[in-house]
Ligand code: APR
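Before any questions on how it binds or moves, here is one chain, the form predicted alone, in structure tokens.
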Amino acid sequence: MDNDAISQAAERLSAGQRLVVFSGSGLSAESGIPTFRDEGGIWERFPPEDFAEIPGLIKTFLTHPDRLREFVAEGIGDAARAAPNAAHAAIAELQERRQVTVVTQNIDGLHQDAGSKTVHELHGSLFRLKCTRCQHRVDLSRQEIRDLSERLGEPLPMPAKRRRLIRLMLPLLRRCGECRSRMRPDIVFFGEQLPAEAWQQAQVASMHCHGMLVVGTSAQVYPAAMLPAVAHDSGAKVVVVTLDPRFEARWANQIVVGPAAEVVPAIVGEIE
């Protein structure tokens, strides 16, 4: 690690009380959850047009139910088994010294598991269902999702594969307790809008923060990627922690290259 860069980053983030942490899949990768877009990521093996868009999911269900089973089992299994890493813990610890708002593109709930209190999930949560009609939401436990991933991990028997897959997926497609309509995972598929409340709160926090720590994201997926620029243009100091030594952005005041689980605790340790 570059100790001078660590100290400079901590100094920039120490300038004010209101901090935003903007996190992405690179942070989760250090907890063992594969990224989607990087080399060897999920989208290389499961094309997003077939698995991340509602029409594609329906088509895959009708034509290749075993592939859909593999995608769901892998997508939820790694997240259900994951635990917060040292960077998650350091971000939660920072709450003791600053007013910290976490804005995350991750759906794995690891910030909350580490103890972060104010978390805006821009892409939803794997551990929550929402009603397709009245928007009522129900939380799921990590154990429920882990058990489901294990059931989905077994190949489907040849007869009536689609019917068997539906039966396995029923815990994610249960009836709403309020209006009896069908529920669905509360995650954002391609082509869907970000959740309005989380997006509004993320923008407000970015506009009014004194500093922003960007961790584990290339900041290239819009509209979420505009938040660091919003913070910078509003006067905040923006620090980026990345594994990419080529990373550059006009809104970045400081770039620290290294694993988040090492760099973030080091930065937090120097924030007074």
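Everything numeric in this text was worked out from a predicted model, so none of it was measured. So that there is no doubt, residue numbering starts at 1 and follows the sequence shown.
Below, we turn to the form predicted together with the ligand, even though it does not appear here.
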Counting only non-hydrogen atoms, the one stretch of 229-237, 54-62, 23-31, 205-213 within 4.5 angstroms of the ligand in the predicted bound form is 23-31
Given the ligand in the predicted bound form, answer whether the residues Thr35, Val221 and Thr242 all have a heavy atom inside 4.5 Å of it.
-> yes
Can Ala260 be called a contact residue for the ligand in the predicted bound form at 4.5 Å between heavy atoms?
-> yes
The ligand contact at His123 in the predicted bound form, heavy atom, 4.5 Å = yes
Applying a 4.5 Å heavy atom distance criterion, does Ser116 contact the ligand in the predicted bound form?
-> no
Heavy atoms within 4.5 Å of the ligand in the predicted bound form: does Thr101 have any?
-> no
